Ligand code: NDP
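One chain comes next, on its own, written as structure tokens: the form predicted alone.
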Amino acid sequence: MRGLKEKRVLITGGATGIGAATAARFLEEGSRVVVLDCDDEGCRRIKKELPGLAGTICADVSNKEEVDRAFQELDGLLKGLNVLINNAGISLRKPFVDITLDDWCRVMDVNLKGVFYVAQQAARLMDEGEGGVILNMGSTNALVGSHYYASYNASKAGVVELSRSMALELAPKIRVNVVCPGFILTVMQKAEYTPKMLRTCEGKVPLGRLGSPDEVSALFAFLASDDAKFITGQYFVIDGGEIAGGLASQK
């Protein structure tokens, strides 16, 4: 992709799954990459797996004080920021009537408040510099209803509208977009779904398979690059055709 070499990139939730694949992709593009994750062991592991990283930061995006501290640490590692991949998130599979207040708040704290905390700090840093790109992690669950994920669905719908508002306010210096994956085979997906459930998911995808983290990372790389410099305020679905026929809403 054009324009990614030497770009300073922060990836939240970057120790595993889509975040780790995205870190690897930006390193391939010649970017300077820092991974932020709440899992200290995961940070140590990804640093060994990707020795080209500029650094790792252990912090919980749902905690504003930790985010503030993380950006102080980031300044020492990168001396500025060009690209934020706001990827950190959690999900909870539970019937709506069984969701507790603690369940609801935890999902919202990470998936929506965490995106807000990190994006706000990144926007201020980019505005002080030469501008940049903020890419927030959404989901097809933000766009169509699905069973047993009410808190997750609501949080991701909030990310889409937050991002569109950010794009309006931060233009023209900062571009903001959302990536909305469908069924992607990640550690989180495997933890929540049985093999039978995963086969059912495959049956909902017109392309006949689940997506891979590498495919999502390629979309992040494109949207961060100069090839996408006239794109802002949009959400991009990467789902193998899943929601084209409303398949996601089926049990």
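Bear in mind that the values here come from a model prediction, so they are computed numbers and not experimental data. The first residue of the sequence shown is number 1, and the count goes up from there.
As for the form predicted together with the named molecule, it is not shown, yet the points below apply to it.
Student: Which one of E202, E28, D39, E215 is close to the named molecule in the model of the complex, taking close to mean a heavy atom within 4.5 Å?
Tutor: None of the other options qualify; the answer is D39.
Student: Heavy atom within 4.5 Å of the named molecule in the model of the complex: which of I184, I46, V34, L219?
Tutor: In short, I184.
Student: Could you tell me which of 143-151, 168-176, 83-91, 70-78 sits within 4.5 Å of the named molecule in the model of the complex, going by non-hydrogen atoms?
Tutor: Contact criterion met by 83-91 only.
Student: Decide if the three candidate residues A119, L162 and T232 all line the named molecule in the model of the complex, where lining means a heavy atom within 4.5 Å.
Tutor: Not one of the three qualifies.
Student: Hey, in the model of the complex, is L53 touching the named molecule, heavy atoms inside 4.5 Å?
Tutor: L53 lies outside the contact set for the named molecule.
Student: Classify S225 as contacting or not contacting the named molecule in the model of the complex by the rule of any non-hydrogen atom within 4.5 angstroms, answering yes or no.
Tutor: No.
Student: Does at least one non-hydrogen atom of V110 fall within 4.5 angstroms of the named molecule in the model of the complex?
Tutor: Output for V110 is yes: heavy atoms within 4.5 Å of the named molecule.
Student: Do G240 and the named molecule come within 4.5 Å of each other in the model of the complex, heavy atoms counted?
Tutor: Close contact is absent here: in the model of the complex, G240 is far from the named molecule, nothing within 4.5 Å, heavy atoms only.
Student: Pick out the residues of 57-72 whose heavy atoms come within 4.5 Å of the named molecule in the model of the complex.
Tutor: Heavy-atom contacts to the named molecule in the model of the complex: A59, D60, V61, S62.
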